[in-house]
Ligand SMILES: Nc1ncnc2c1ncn2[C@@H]1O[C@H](COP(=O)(O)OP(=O)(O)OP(=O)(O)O)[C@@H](O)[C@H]1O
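In the form predicted on its own, a lone chain appears below as structure tokens.
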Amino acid sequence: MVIQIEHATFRQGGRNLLNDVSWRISPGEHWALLGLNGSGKTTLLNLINGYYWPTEGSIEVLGHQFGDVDLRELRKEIGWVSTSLQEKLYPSDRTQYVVISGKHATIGLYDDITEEDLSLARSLMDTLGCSHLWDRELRSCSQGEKQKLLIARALMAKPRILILDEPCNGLDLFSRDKLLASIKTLADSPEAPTLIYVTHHTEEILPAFSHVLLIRDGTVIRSGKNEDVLTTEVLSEFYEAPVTVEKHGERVYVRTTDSMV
């Protein structure tokens, strides 16, 4: 198993932030993690990365049982892309150096750059559709372009798991679709790591993410294949409100009484 979580509970401040969570990801699967704000998504990601320790239950990542592995070494195998990282980067840095810094997990680049580093950075930027940004200052890039660079940065370390934590936050409709197209290209690559796409919008879940885990109030409501989870019946139970699922092309949209969300 890439990830195997068994009956994990995480308690903090006298209350359970996660309740009896079990989740298994097999090799070759890409998953979407769907939940509203405050549902426990980030807490679950922190458990997978070993920043939090389960109060109860067990966690195994990439074949390593927590308690029997150096978590600092394990984290090198996991890339985690979130918009909060953008705020820590230096606006004047050149884009290729931002990407290459992912090899060393540093903010800024302090190590010697090799031709291999430059070649890999260019290849990753090309895969993600942002090679035209080469040698530009980071601050000159749009929000969507920065997200692509952060994904390329995470891939520089050749992780076996890549977590995309709400990467479309703050993007307009067109920037979102361009970013999702780049993620699709990445997911379809035979060399892609296991991808976990975190969102609260069903229409962002691309077909490449064949499995979905629904989490609400720290509890897993349902997990499984898209066609079994992204249904009117299941999502009405999940949202605790009557909704209708509609498919437009490859996207799944949820319609409430008054609107589509």
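Treat the numbers as computed from the prediction; the structure is a model and nothing was measured. Don't overthink the numbering: it's just position in the shown sequence, from 1.
What comes next is about the form predicted together with the ligand, which is not displayed.
Between the options Thr55, Thr43, Ser58, Ser236, the residue in contact with the ligand in the model of the complex by a heavy atom within 4.5 angstroms is Thr43. Though the ligand is absent from this view, in the model of the complex it lies within 4.5 Å of a heavy atom of just one residue from Thr194, Ser223, Thr202, Ser39, which is Ser39.
Looking at 205-213, 30-38, 58-66, 226-234, the stretch with residues near the ligand in the model of the complex, meaning non-hydrogen atoms within 4.5 angstroms, turns out to be 30-38. At a distance of at most 4.5 angstroms from the ligand in the model of the complex, none of the three residues Arg75, Glu77 and Thr219 contributes a non-hydrogen atom.
With a 4.5 Å cutoff on heavy atoms, Ile25 does not count as touching the ligand in the model of the complex; it lies far away.
The ligand is not drawn, but in the model of the complex it has a heavy atom within 4.5 Å of Glu166. The closest heavy atom approach of Arg15 to the ligand in the model of the complex falls within 4.5 Å. Residues from 209-246 do not approach the ligand in the model of the complex: none has a non-hydrogen atom within 4.5 Å of it.
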